[in-house]
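This document starts with one chain, in the form predicted on its own, laid out as structure tokens.
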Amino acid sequence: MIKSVSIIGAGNVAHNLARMFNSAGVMIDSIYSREMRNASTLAALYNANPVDQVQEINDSSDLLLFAVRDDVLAKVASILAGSTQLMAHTSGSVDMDVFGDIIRPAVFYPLQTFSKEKKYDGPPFPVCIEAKEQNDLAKLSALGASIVGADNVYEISSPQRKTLHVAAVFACNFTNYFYGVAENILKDRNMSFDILKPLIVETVGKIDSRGPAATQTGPAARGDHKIINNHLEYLSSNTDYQRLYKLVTDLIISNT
């Protein structure tokens, strides 16, 4: 059973998981960040020890959780090579073997978007776990269940997780970019993005009950080329948005 965690990282994921672990009765031992002020800010919330050297992380924690950028994960983890502690990263796109020769590598990937400034209070999200040792897998499963419930913990392999992360980028990151495009288009005419929010909520609700394919509407789905051409003409002052509109429209038409 995992009773204590030290977190390497002090960003969005670290802030939210630390709060959830703490609420579940898991002790937060140490918080690492390259910037001591960041480590101290998060550590102070849970009476944890802030450190700016990886070697100073508590060596008796049941779990070392790496919530750092993908491109520095291997380098940071290598500093603790030879440790017998359970080490898991939170990345959606990095293989478990990024840990190299570490004895007890694992993954604890929360499939959700987080912000430091906003306490996550939405519905339970999936936690995807992987571990080299079966005993460690059971421990991570119990840890995940303590924060999101057992039904939301999934044993996912590194190749499966990579597939899941690509899909998540389309579903979350790209969709949010489109929201930003919509907001900019409205701002150009002194209109608020708020006017679109009921439409967004209704679309998400339909996806939940009917699925994306059955929910697709709009001029592309109808094959209404007159409206499509009018929109393309409207966007002629912003060729980036115009190209984006045409690309997505063509894809919808070809798949409808």
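Each residue number is its position in the shown sequence, starting from 1. All values derive from a computational prediction rather than experimental measurement.
From this point on, the text means the form predicted in complex with another copy of the chain, which you will not see here.
Contact annotation: another copy of the chain lies within 4.5 Å of heavy atoms from the stretch 192-200 in the model of the complex, the single such stretch among 192-200, 38-46, 24-32, 58-66. In the model of the complex, another copy of the chain sits within 4.5 Å of a heavy atom belonging to Thr217.
Shown alone here, Lys118 lies within 4.5 Å of another copy of the chain in the model of the complex, counting heavy atoms only. Another copy of the chain is not shown here, but in the model of the complex it comes within 4.5 Å of a heavy atom of Leu111. When contacts are judged by a 4.5 Å heavy atom cut-off, His225 does not count as touching another copy of the chain in the model of the complex. Taking Gly180, Gly149, Gly100, Gly82 one by one, only a single residue has any non-hydrogen atom within 4.5 Å of another copy of the chain in the model of the complex, and it is Gly180. Although another copy of the chain is not shown here, in the model of the complex the stretch 162-185 places heavy atoms of Lys162, Thr163, Leu164, His165, Val166, Ala167, Ala168, Val169, Phe170, Ala171, Cys172, Asn173, Phe174, Thr175, Asn176, Tyr177, Phe178, Tyr179, Gly180, Val181, Ala182, Glu183, Ile185 within 4.5 Å of it, in sequence order.
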